[in-house]
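What follows is one chain in structure tokens, specifically the form predicted on its own.
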């Protein structure tokens, strides 16, 4: 009799445990080491909690992935519980995302404040920072040493150094040398570059956190006018069609003194066979202002298991997992304390630079502009491109842009 009761109780406990277990679906990067690290971290959480996880394949293209998310979320689909989202998507997707604050406790205060602010939309924490990215200045340390020039700390100093070294190297028989390459195509990359030029000169953030449209001002106009002066002089005319990889191609081939790019470019520039291997330095951008990038993790409001999905998010964005990702894949943590970790510092000697850059990073106006961010960014990058291409002067272009942003925002009401 007692044996029968014991068996019945054991079966009941197993049934109860099975009832509590759930499968959580997560969408993260579609390829490479990023996918592997996401899978391994999610499986670790599953083992520790007794649940299961399933990775959902999504397009590798950011725009295609966003379109898929928007389609699924608009339909109220529960097919994906946890979503990896870009740094500029919280405002776009906010109404479909769970408020993570009740599940996060005090965890957000340990993350980079700029990212937490970016992930907070109208008072709701709709995402948790997962890994960070920031604009950086790459330079040929051998050429700066050769000409006795310090790493420039202002845009004026960068232009002067680029002009001097470019001229001297061309005179020495290197006609293909350029002073500075960057992202000049009319796309999101130019939004990032131009925001750095403007914000570092005190020209604002295009749209301020309180919703004020601030882009039409003399300092912003001066920044764009100066950048337009680089085209065809310090930068090839073709820079107007450059994205990240085009700029990297010129720099890595040994044909540029300075480059603006993201942290990913360092490993490639230092790879076996790179013409500039061992000759590349990395620093903060002039005035220390780089655009903030990176990825976040969110939970769909339509998840059947919101608490478990939030638990997975907290595990993947926590200290242990971020340290593992930093060591195994070189991903930049969103926890400032990890930049002091001796093991991480040994693994990446440039983490000091990245930590400083992240501390001063500027966020794009995505949270405040919400679902209209893509229109704002497109309008901004197109206006900047027109100035760079000599099709409009900066003052006129920014005045016209402000009027357009007023229409997009319906009179400044985001």
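Bear in mind the structure is a predicted one, so any value in this text is a computation, not a measurement. Positions refer to the first chain, counted from 1.
Same protein, other form: the form predicted in complex with a small molecule, not shown, and the subject of what follows.
K.L.:
Whether residue 294 contacts the small molecule in the predicted complex should be assessed with a 4.5 Å heavy atom distance threshold; does it?
P.N.:
Yes, residue 294 is a contact residue.
K.L.:
Taking heavy atoms only, is residue 62 within 4.5 angstroms of the small molecule in the predicted complex?
P.N.:
Yes, contact at 4.5 Å.
K.L.:
If we define contact as a non-hydrogen atom of the residue within 4.5 angstroms of the partner, is residue 321 a contact of the small molecule in the predicted complex?
P.N.:
Looking in the predicted complex, residue contacts with the small molecule do not include residue 321, since no heavy atom lies within 4.5 Å.
K.L.:
Is there a heavy atom of residue 189 no more than 4.5 Å from a heavy atom of the small molecule in the predicted complex?
P.N.:
Residue-level check for residue 189: yes, a contact with the small molecule.
K.L.:
Please identify, from 303-311, 143-151, 115-123, 180-188, the stretch that has a heavy atom within 4.5 Å of the small molecule in the predicted complex.
P.N.:
Comparing against the small molecule in the predicted complex, the contact stretch is 180-188.
K.L.:
Which residue, 169, 341, 99, 86, is the contact with the small molecule in the predicted complex, using a 4.5 Å heavy atom cutoff?
P.N.:
Among 169, 341, 99, 86, a heavy atom within 4.5 Å of the small molecule in the predicted complex occurs only for 86.
K.L.:
For the small molecule, considered in the predicted complex: do all three of 155, 284 and 360 come within 4.5 Å of it, counting heavy atoms only?
P.N.:
Verified in the predicted complex; spot residues all out of contact, no.
K.L.:
Looking in the predicted complex, decide if the C-alpha atoms of residue 115 and residue 197 are closer or farther than in the form shown; they differ by 3 Å or more.
P.N.:
Compared with the form shown here, the C-alpha atoms of residue 115 and residue 197 sit farther apart in the predicted complex, by 3 Å or more.
K.L.:
Quick one: residue 208 and residue 118 C-alpha atoms, closer or farther in the predicted complex compared with this form (3 angstroms or more)?
P.N.:
Farther, not closer.
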